[in-house]
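Below you will find one chain, with nothing else, as structure tokens; this is the form predicted on its own, and questions on how it binds or moves follow later.
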Amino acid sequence: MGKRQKHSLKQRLLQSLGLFVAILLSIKLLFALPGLTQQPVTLTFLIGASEVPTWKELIKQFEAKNSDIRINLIEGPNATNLLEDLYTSAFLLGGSPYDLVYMDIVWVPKFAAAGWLMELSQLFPKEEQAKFLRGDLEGGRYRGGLYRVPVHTDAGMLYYRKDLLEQAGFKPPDTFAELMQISQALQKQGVVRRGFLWQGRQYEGTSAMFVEILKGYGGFWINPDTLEVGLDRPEAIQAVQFLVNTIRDGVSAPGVVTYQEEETRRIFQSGEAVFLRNWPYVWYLANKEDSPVRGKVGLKPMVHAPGQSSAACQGGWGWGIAKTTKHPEQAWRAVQFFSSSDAQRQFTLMAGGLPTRRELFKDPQLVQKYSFLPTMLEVLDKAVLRPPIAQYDQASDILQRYLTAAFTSQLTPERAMKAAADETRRLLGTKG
């Protein structure tokens, strides 16, 4: 073979090799192209308008660390029941747009029983669960499954005017009787118009308030394991009678039967009352620079009957994952981020919501801004859940109606609670 032929053969071989390599690269590029052009996954959830600014900031941080995920935040109404209705309607109609479910603690049984939520136990190790407040974590369970990771908590407590009690030589009350005695004494002296403010309007806030009084007398509403109803037991009747007595004796204003949280907060903050049952948000507002009671307010767990213990109705919000989501792995990453210590710390600093991780109640940065946090932990450790049953909405409606009948003297406490218990048993299909 001549020199020219060898050179030509070599040239053809190089050309063939180059073509082969080009084909391989093309094939590799073809398979890699979807990954190079893939759009970020979008996760959607609904939230109340008042929380939007805080969550937008946290979403911005999450997206910066997770370039493959985008969060679509839908702004909804502030009213909890309206948010629940919107989520419920979307799931009932099918094809829900929501991947994440930002939910109140009392939605969990209903949503879980309906099959709308992913069970999260396998994703959420027990050692990680142990870092959260017990009541908040239990509020995310239904029939042994875990469906909600708590991100900020709430619990009812007793606020009091520590300056007025100190001046009159009283210690903060531990029992219902002491609360009544102190209230009437200060009213008689003309120091305040009202003794005790609570939420008596016919709405969910009254159910939340009542479970604290009920537990304080040693009673119960519904046992979620047996569906036994305790509303017509002596302890429940005593709890209703106490609230009726506060109105009858003038310790609470007759208008208390129309009050929600904000009405009671404004009256207390104006300096017209000694005691207030309300949620943690009041502390921040009562101690603002323009507040008449700034620096004069104390807080403690709710009072109770002798021989019984305090109770704080467990509230709060957390994250679930819709069973219909097409992106469960990305949704769990979002839940992990939003429930992390860092995100909860920022939420508390920005919005005042209480964290659900125990360690944060002793966090120096948070305690410096919210000095009541260590005391609040004492309240939260006495948290009691509203009945975690699928029919909770209907059961709460029954209770509210009959409490209103008792508060407005349409029925005696005995008759009201007997009727409430009977109707609740019919709802649950149980016998007395």
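Note that residue numbering follows the sequence shown and begins at 1. Please read these numbers as outputs of a predicted model, since none were measured by experiment. Between two forms, the rigid core is defined as the largest C-alpha subset superposing within 1.5 Å.
What follows is about the form predicted together with a small molecule, which we do not show.
Between the options D154, D99, E263, E235, the residue in contact with the small molecule in the model of the complex by a heavy atom within 4.5 angstroms is D154. This chain is displayed alone, yet in the model of the complex one of G219, G135, G316, P109 has a heavy atom within 4.5 Å of the small molecule; that residue is G316. Comparing 347 to 355, 223 to 231, 316 to 324, 298 to 306 against the small molecule in the model of the complex, the single stretch with non-hydrogen atoms within 4.5 angstroms of it is 316 to 324. Taking the partner from elsewhere, F242 is found to have every heavy atom lying beyond 4.5 Å of the small molecule in the model of the complex. The small molecule is not shown here, and in the model of the complex it never comes within 4.5 Å of any heavy atom of Q269. Looking at Y142, you'd find every heavy atom of it more than 4.5 angstroms from the small molecule in the model of the complex.
The closest heavy atom approach of Y284 to the small molecule in the model of the complex falls outside 4.5 Å. After superposition on the rigid core, displacement of the C-alpha of F210 between the shown form and the other one stays below 2 Å. With the core superposed, L165 shows a C-alpha displacement below 2 Å between the shown form and the other one.
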